[in-house]
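The structure tokens that follow cover one protein chain in two forms, given apart as structure 1 and structure 2.
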Structure 1
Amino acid sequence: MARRVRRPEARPDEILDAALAVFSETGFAGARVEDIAARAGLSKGAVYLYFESKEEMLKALVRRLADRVVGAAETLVATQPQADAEKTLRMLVTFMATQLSDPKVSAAPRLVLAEAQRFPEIGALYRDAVIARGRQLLARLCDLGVAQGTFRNIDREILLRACAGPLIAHMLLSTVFSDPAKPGPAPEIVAQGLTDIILHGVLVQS
């Protein structure tokens, strides 16, 4: 009965949640729309009312990740009154480390990493919807730090790699390569350590 009274506007997210679960379990190529429909508690025909194909579901998952995670990061940075660049960078890295520690959040980027070589259009979408926005966000933050006399005027593209690489490693170590017998450090501890290392390459040398 609960499924019968679901709001229609909630169904796309329910389908995407089901698709992400099935994609993660079977791989994108092995996933079937009927399995996604069953996981969502819908008919196969009902799924096609919202998404034309598995590819469209995967694209929608990337866009949803961009809206929820990258959008929240942009808001976090934008809402800091008279932002201190160092403090804001620490907050940003902590936010991202916390998000990527959550298997429900990291499932989409992990799926893209696994499938982008076989489906380059998905990699291109992720680059434009997620990475490009992260690049712009870090560039603005770096510009702020330089204007404040806090950061050196470093290459913004190198800063992106310096931040993104450790966060991707943290995501994989917290999910794919996690050891239940030896839990890793809390996201806040990871973020503090990563930011300290990054800042020693960014701060003006005394």
Structure 2
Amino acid sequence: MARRVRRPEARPDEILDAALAVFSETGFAGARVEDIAARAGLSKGAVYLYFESKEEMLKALVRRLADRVVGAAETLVATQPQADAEKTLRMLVTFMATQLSDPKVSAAPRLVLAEAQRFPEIGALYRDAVIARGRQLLARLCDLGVAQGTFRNIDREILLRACAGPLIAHMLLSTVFSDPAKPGPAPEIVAQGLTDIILHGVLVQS
């Protein structure tokens, strides 16, 4: 029998780490609680000391992950010393593209995408904790750019789609739809190219 260690404080985080790993490999429904427990170095029973149910684990996990990336993006924007909207937008897109190229980071949003349909609560949680904040971040940035006279005054809902969409597409193309034969372009190249299009558009003369 395996040695049993007592350290209850660290358990919930350890379990959620394991859960993220297993969930993103097999999906929520395909994940076995016993596998999560094993990966966290525990027995199945112990998991139920910390979480009511498997579904409760999923919610706790998404809650924990929700603000990681958006929080980082917010501080990135907040700590921009000179408030140059164009430069800040460029930096923001680059940061997000780089982050989302890391499978460990993108595991969270991918999990949410996969399960939000089946668990509306997850979708609502993500909408309020992540999307709403991203929307506001962009809105403020847009206001700044307009005030500086460098940005056109664009509808915020459209801007959100135009900025976040390519990042999502990149994430999907470099994970679930990736062709193992030929790897996609490097994150820096993508970030560079995307900001270029978002800022200047596809047409010449701009």
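Numbers follow structure 1, counted from its first residue as 1. Keep in mind that what you see is a predicted model, and the values were worked out from it rather than measured. Take the two forms, superpose them, and find the largest set of C-alpha atoms that agree within 1.5 Å; that set is the rigid core.
Of the two forms shown, structure 1 is the one predicted on its own, while structure 2 is not. In a rigid-core overlay of the protein, residue 150 has its C-alpha displaced by under 2 Å between structures 1 and 2. Comparing the forms between structures 1 and 2, the C-alpha position of residue 49 differs by 2 angstroms or more, with the core used for superposition.
Core-superposed comparison between structures 1 and 2: the C-alpha position of residue 172 differs by less than 2 Å. Aligning the rigid core between structures 1 and 2 leaves the CA of residue 60 offset by 3.0 Å.
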